[in-house]
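The chain below stands alone and is given as structure tokens, in the form predicted alone.
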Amino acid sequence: MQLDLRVDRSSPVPLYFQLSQQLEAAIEHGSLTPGSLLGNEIELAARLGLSRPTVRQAIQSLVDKGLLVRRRGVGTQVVHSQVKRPLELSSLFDDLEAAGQRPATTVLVNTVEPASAEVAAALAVAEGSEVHRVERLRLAHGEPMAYLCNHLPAGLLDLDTGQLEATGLYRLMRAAGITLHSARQSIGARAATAAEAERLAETEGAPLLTMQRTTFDDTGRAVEFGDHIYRPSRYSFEFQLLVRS
């Protein structure tokens, strides 16, 4: 597909940035689909009347964002656009489906264990009482996106490994008659441990997004405590801020 790419030489915005923004928009909107090849730098530079270093800088900025990848013998290829998750009570599985990202799940742990002090406080249960722990690796288009660790009160619902790999946890909770009402959530960042880096195909020490969430049902009962990590090259949280009147 031939993209309508244009640069405005009278604009104060750098030419490489104008080009990178247009290419990024084409990826986000699906005009450049995952797996498609970008024309080589010489062709793109000639077509737009730009220098090769300018085109190279635009492409490199998208490589750095994880939207393009340079493959030896193949060229510059589009990878999958970053998932921008709205800050609302939704599941990663649903958000990936809505973004057309074909989610898949590998269940790594599905067990019952004594609640630690942190988990007990989050779920409002006694320390050492039984809770259900589920650890999953969430993928999109076959690439790791997030590592999810969730604790739930024991006996809340049947957590079958096959069902957990086929759909999202919140869907299973709703199907069990649990009405999700609100959540308390914190977002942060830290460096990847060796184990986390291996799971998420990152390097040890790479920056990761973190999210902790305690979810409550319509009676005010804590029904889930999640501790999740995400690859920032593939994922971001999106906020809408309002002026307080």
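So that there is no doubt, residue numbering starts at 1 and follows the sequence shown. Here, rigid core means the biggest group of C-alpha atoms that superpose within 1.5 Å across both forms. What you see is a predicted model; the values in this text were computed from it and never measured.
The same protein also has a form predicted in complex with the DNA, omitted here; what follows describes it.
Using a 4.5 angstroms limit between non-hydrogen atoms, G75 touches the DNA in the model of the complex. The DNA in the model of the complex is approached by L50, whose closest heavy atom lies within 4.5 angstroms of it.
Although the partner is absent here, I229 lies well away from the DNA in the model of the complex, with no heavy atom inside 4.5 Å.
Of the heavy atoms in G205, none are within 4.5 Å of the DNA in the model of the complex. Proximity to the DNA in the model of the complex, taken as a non-hydrogen atom within 4.5 angstroms, holds for one residue of N40, S31, T193, Q212, which is N40. Heavy atoms within 4.5 Å of the DNA in the model of the complex are found in exactly one of 22 to 30, 195 to 203, 216 to 224, 50 to 58, that being 50 to 58. In the core-superposed comparison between the shown form and the other one, I59 has its Cα shifted by at least 2 Å. With the core held fixed between the shown form and the other one, I229 has its Cα displaced by under 2 Å.
Superposition on the rigid core between the shown form and the other one places the CA atom of A117 less than 2 Å from its counterpart.
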